Every structure is written in C-alpha cells, then in structure tokens.
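A single chain, nothing else alongside it, follows as structure tokens in the form predicted on its own.
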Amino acid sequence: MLIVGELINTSRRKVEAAVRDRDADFIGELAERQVAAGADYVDVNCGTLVGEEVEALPWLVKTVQARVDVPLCIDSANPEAIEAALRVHRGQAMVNSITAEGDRFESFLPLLQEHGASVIALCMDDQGIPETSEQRFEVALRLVEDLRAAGLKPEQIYIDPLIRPISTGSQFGVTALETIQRVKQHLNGVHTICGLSNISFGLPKRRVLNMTFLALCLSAGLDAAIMDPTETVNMAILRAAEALLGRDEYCRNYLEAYRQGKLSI
C-alpha cells in the first residue's frame, strides 16, 4: 500500500502562513513527521495561493526534499506551476492530477512525457464527474489508453475514482468501491488511488467513517491512498486490513508496526 502524506496543503491555515512566510523549518518538520509515520510520498499543494503558485510550488518541492528522501506528489491544476516544480524535483515525481478534460489533458501530457512522472488520473471528463461506476470506468479506460499511447507505462498511472461525500449521496461510497474493482479487474498493471477523507465530509465522527472506508477500499483493490499518516488509528487499520487480505506476507508489516508501538486504537 502506497501512502501519500496529505498535510502540506495551503488549504490548512498554518501551512498557508508557513508557505507565505517561506518558513522552511515548519514545512520541513511537517514533511519529516509524515515520512516517519509511514508516508512513501509527500503531497505538496499551494493551490490557494492564487497568483503565487508558480513561485511557491517549486519552493515547496526544494524545501521538502531538503529534509526527506522520498519522492513528492506535486498537486496542482496549474500546468505552469507543475512545470516549475518538476524542474527542481529530484527523482521520479507523481503529478496530481490529469483528467480526460481536453484542455487539461493536453496541457499536462507533455510535462509527464518530458519528466517521466507518474500521474494520478481522475475519472472525470468535459461532462464532469460521472454518476455511475460504469461511466467512471469508461473515463478511466480512455485515460489509460491515451496515456499509454503517449508512452506512459501502466505502473505510472494511478486511477482516482473520485470520492464524493456520502452526506450528499448515499451511493457515492459504493460507486467508488465498484470503480476501484473494475479498474483492478480490467486494466492490468494500472494502480488505484483515492483521497480517503472526502467520503465523510459534512458528517460527525468522521474518523469512524474514514477508517471503515479505508478497509473497504483495500478489500476492493486500492493500491494507494492520499491520507494523513500521522493518524495512528487509520494506520493501524491499514496494517491490519493488509494482513487480513493477504497483502502482507507472513504479517511482517503488521508485526513491525506492533514492535514500533504503531497499532494503538
């Protein structure tokens, strides 16, 4: 299970202030905490800084990679900001995200090709987010076909089924789970990823929903999650689910987490 740490995002008030002030210590410590907790990638997002993103995003990349030795998930809808960030990134980055929307696909694709980045591909097109899992899979299939035709390998592609809050539609959790299953069954070598916390937006006791949904997503075949790795309960559930689903040979990761005191609930 690939974990993308989600905390360096300027939608969070303290992070926005740190990026505006170029507080490298605050950002670096936040990156270190996530990696120590189990993050394989660190997401960097400064999309709320309208007009400053092209300068701020590469600063974030350099600041984080000065403190942690993991690749980054570069998160932006602005191709200029993505290009500036990829230019300073060490190693193979992940780009979050491309869609089947014509303009966005065409603007992001050359950057992926030039830098050899992995990419999160969202199940949406010019008509918006499809309602059913069948329709979302059709978008995913088009994205994979077009990305592969452009030279990307299946293992570079992470399909995001798009998690919508069940507070706004009781079927949205099932739709996401079914989309994950379809991708894993029909698109060999392609990965699946999602942002877990969207599922519980607007509801009380969000942690309960997030934990349960994480286990369900793993059972459906989820390969990666954008999440807060410092949430010890979610990480404990993740290790337990992987062991129960046969995705942890001889329970090695579960036992290591136990020895490190990381299975507290």
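Computed from a prediction, not measured in an experiment: that's the story for all the values here. Heads up: residue numbers just count along the shown sequence, starting at 1.
Absent from the display: the form predicted together with a small molecule. The rest refers to it.
*Asks:* Could you tell me which one of Pro130, Pro71, Gly195, Gly173 places a heavy atom within 4.5 Å of the small molecule in the model of the complex?
*Replies:* Comparing distances to the small molecule in the model of the complex, the residue within 4.5 Å is Gly195.
*Asks:* Within 4.5 Å, heavy atoms only, which of Ile180, Val190, Ala140, Ile120 is in contact with the small molecule in the model of the complex?
*Replies:* Selected option: Ile120.
*Asks:* Just one stretch in 252-260, 20-28, 239-247, 5-13 has heavy atoms within 4.5 Å of the small molecule in the model of the complex, so which one is it?
*Replies:* Flagged stretch: 5-13.
*Asks:* How about Ile226: is it within 4.5 Å of the small molecule in the model of the complex, going by heavy atoms?
*Replies:* Answer yes; at least one heavy atom of Ile226 falls within 4.5 Å of the small molecule in the model of the complex.
*Asks:* Is the gap between Arg206 and the small molecule in the model of the complex 4.5 Å or less for some heavy atom pair?
*Replies:* Yes, Arg206 sits close enough to the small molecule in the model of the complex that at least one of its heavy atoms falls within 4.5 Å.
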